[in-house]
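A single chain, nothing else alongside it, follows as structure tokens in the form predicted alone.
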Amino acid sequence: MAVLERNNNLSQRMTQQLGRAIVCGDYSQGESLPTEADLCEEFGVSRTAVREAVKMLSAKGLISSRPRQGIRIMPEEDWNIFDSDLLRWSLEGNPSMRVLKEFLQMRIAIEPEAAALAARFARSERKQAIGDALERMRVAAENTENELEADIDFHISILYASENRFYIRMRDFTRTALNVSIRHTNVIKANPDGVIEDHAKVYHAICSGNAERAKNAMFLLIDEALGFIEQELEKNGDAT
């Protein structure tokens, strides 16, 4: 049992290290990875740990392992970017503004409709969860980490309040990406009271059952954040 647990820990460690290296561009797409024996030596793990790591990275769409073809890195369009590990790896360190822009573009296609659904269908306890998160944002004041956690919970609570199973399943992906994107956009906006006021508009529209107002308020909230990211890209000469 102890040996099995150790192998699992080693394979998890290798998965994290190798997965991050692939996503961050340390290896080129289409490139072959080192042989199994070389990977054992590089990461200091057994063949069993290497095979488990390869299996996990294959499931994420990062690599393909076939007999006589070795281990190859898959094209980026085959990667499962909804996987929370992949998203976290791509956002760690100095995240790409382009990745944040694409994430916000996706949010603007989903969250306004989720807010509208919440206004129509949310149960009282779901609305309470949104209100509690908003109140925690107010109370957090100068505590950046507490405010960030409350802000994320606000958006996740709206996904739940939509009462739509597909939106709810976006929670892990959304939580991972928001943990990075909010840090950037709130610093750029530099108006904590304005941030809370914008969120309050969404909350009050949901509570009043006004689906159109909830949808518009959420759209404006995310559109402003998207505008901040686009401005940063323009400053860096990358507005595409």
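Predicted, not measured: the structure shown is a model, and the values here were computed from it. A residue's number is simply how far along the shown sequence it sits, counting from 1.
Omitted here: the form predicted together with a further copy of the same chain. The next part is about that form.
Looking at 207, 200, 40, 56 here, can you tell me which has any non-hydrogen atom within 4.5 angstroms of a further copy of the same chain in the predicted bound form?
It is 56 that has a heavy atom within 4.5 Å of the partner.
So a further copy of the same chain isn't shown here. In the predicted bound form, which residue out of 99, 140, 152, 71 has a non-hydrogen atom within 4.5 Å of it?
The option sitting close enough to the partner is 99.
Although the partner isn't part of this model, could you tell me whether residue 144 comes within 4.5 Å of a further copy of the same chain in the predicted bound form, counting any heavy atom of the residue?
Outside the cut-off, so no.
Does at least one non-hydrogen atom of residue 76 fall within 4.5 angstroms of a further copy of the same chain in the predicted bound form?
Yes, residue 76 is a contact residue.
When the contact criterion is heavy atoms within 4.5 Å, does residue 123 count as touching a further copy of the same chain in the predicted bound form?
Residue 123: no, not in contact with a further copy of the same chain in the predicted bound form.
Report yes if any heavy atom of residue 128 sits within 4.5 Å of a heavy atom of a further copy of the same chain in the predicted bound form; otherwise report no.
Looking in the predicted bound form, residue contacts with a further copy of the same chain do not include residue 128, since no heavy atom lies within 4.5 Å.
Sequence-ordered residues of 100-121 touching a further copy of the same chain in the predicted bound form, heavy atom within 4.5 Å:
The stretch touches the partner through 102, 103, 105, 106, 108, 109, 110, 113, 117, 120, 121.
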